[in-house]
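Heads up, the chain below is alone and in the form predicted alone; it's given as structure tokens.
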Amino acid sequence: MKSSRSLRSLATICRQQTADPLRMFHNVRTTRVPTIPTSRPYSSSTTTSTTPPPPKSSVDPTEVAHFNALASSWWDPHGPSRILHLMNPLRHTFISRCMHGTPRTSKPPSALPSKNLRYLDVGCGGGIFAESAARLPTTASVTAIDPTPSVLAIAESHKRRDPTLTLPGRLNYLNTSIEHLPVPSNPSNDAYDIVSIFEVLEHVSAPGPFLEMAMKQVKPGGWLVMSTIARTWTSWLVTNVVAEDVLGIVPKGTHEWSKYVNEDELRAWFLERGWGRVGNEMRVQGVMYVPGLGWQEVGGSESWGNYFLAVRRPDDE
């Protein structure tokens, strides 16, 4: 019965699709999304008639409500966020390959320093990746942002269990969205070496402006790294039907198929903006969750399922 309802929902979505597969990127500037209240000084009380209002947030309020409800179970390794915990090692492996090169490449694609790296984790949730990045000996600091207050409260509470994470500047959580984060005035000095967006893009209402704001936070020569899901019949069957309806390994309502973004759409979008044009400065890796084995690298799966994508900001930008 659940699968039948999902199929009818997909059919409805498909009828609503336009002929342009990049409609979400082309039309996002006209999308009206309510501004998410944050703890940053961008509330209406600080805005005057002579001060322009902050940019619209690309965060969907229904997504915030959904993840607020899951906050208490975020750090349960056997709970609803289990597959995120299992994915985390692959995230670090992928970032390392981007920065330092691998046997698959002839030379390292960037000259990022091996120490004192500054991270920005966008949509950090309860801090699974942010905490692990902050513990690396090569990390100087991690700034982690999320618009979901209840989830960030869990992240702050869990952070206090590890004294190394409470050192000044080591790991800072901010209850805000990327649109409300100040843009670095001097990117070479003030921007981040690594900006991560893991399992977030498929939850935002306007991916184009969202990514444009994230790009401004990347240091020249730094990397924007993300993971998301391709918008295909296979991904709908796996994530919406099998994972949510049949196996229940993902909480019901976590995914909305129409928000998925294909790898070729992202690749073309970044190339149009001059990112990833040189050598191997854009990386893609397909990954798949295998029950009993966890997340596995699967070459070619980026065209129909989950994938990592990283793109390097040009040095001269």
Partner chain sequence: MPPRLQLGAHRGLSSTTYIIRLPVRRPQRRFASSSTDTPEIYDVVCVGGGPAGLSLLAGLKASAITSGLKVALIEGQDLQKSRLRKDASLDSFSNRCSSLTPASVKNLQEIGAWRHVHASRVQPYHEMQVWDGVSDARISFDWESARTPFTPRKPSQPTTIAYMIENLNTTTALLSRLEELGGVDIYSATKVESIELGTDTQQLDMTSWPVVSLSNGKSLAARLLVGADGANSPVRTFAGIPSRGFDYNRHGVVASLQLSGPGWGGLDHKIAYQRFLPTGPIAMLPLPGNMATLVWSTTPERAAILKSLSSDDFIAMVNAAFRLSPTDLEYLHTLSSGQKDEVAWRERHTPAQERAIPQRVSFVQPGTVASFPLRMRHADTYTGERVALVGDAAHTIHPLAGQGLNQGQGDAAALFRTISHAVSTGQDIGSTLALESYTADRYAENNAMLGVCDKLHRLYSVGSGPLVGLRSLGFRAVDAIGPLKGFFMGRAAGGS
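Keep in mind that this is a model prediction, so the values were computed, not measured. Residue numbers count along the first chain shown, from 1.
The following text describes the form predicted in complex with the partner chain, which does not appear among the structures shown.
Although the partner chain is omitted here, in the predicted complex all of 92, 136 and 160 have a heavy atom within 4.5 Å of it. Residue in contact with the partner chain in the predicted complex (any heavy atom within 4.5 Å), chosen from 216, 100, 170, 82: 82.
Here is the short version: of 188, 166, 116, 185, the single residue with a heavy atom within 4.5 Å of the partner chain in the predicted complex is 166. By the criterion of a heavy atom within 4.5 Å, residue 150 is excluded from the residues contacting the partner chain in the predicted complex.
Although the partner is absent from this view, residue 140 stays clear of the partner chain in the predicted complex, with no non-hydrogen atom inside 4.5 angstroms.
Only one of 174-182, 195-203, 218-226, 127-135 places residue heavy atoms within 4.5 angstroms of the partner chain in the predicted complex, namely 127-135.
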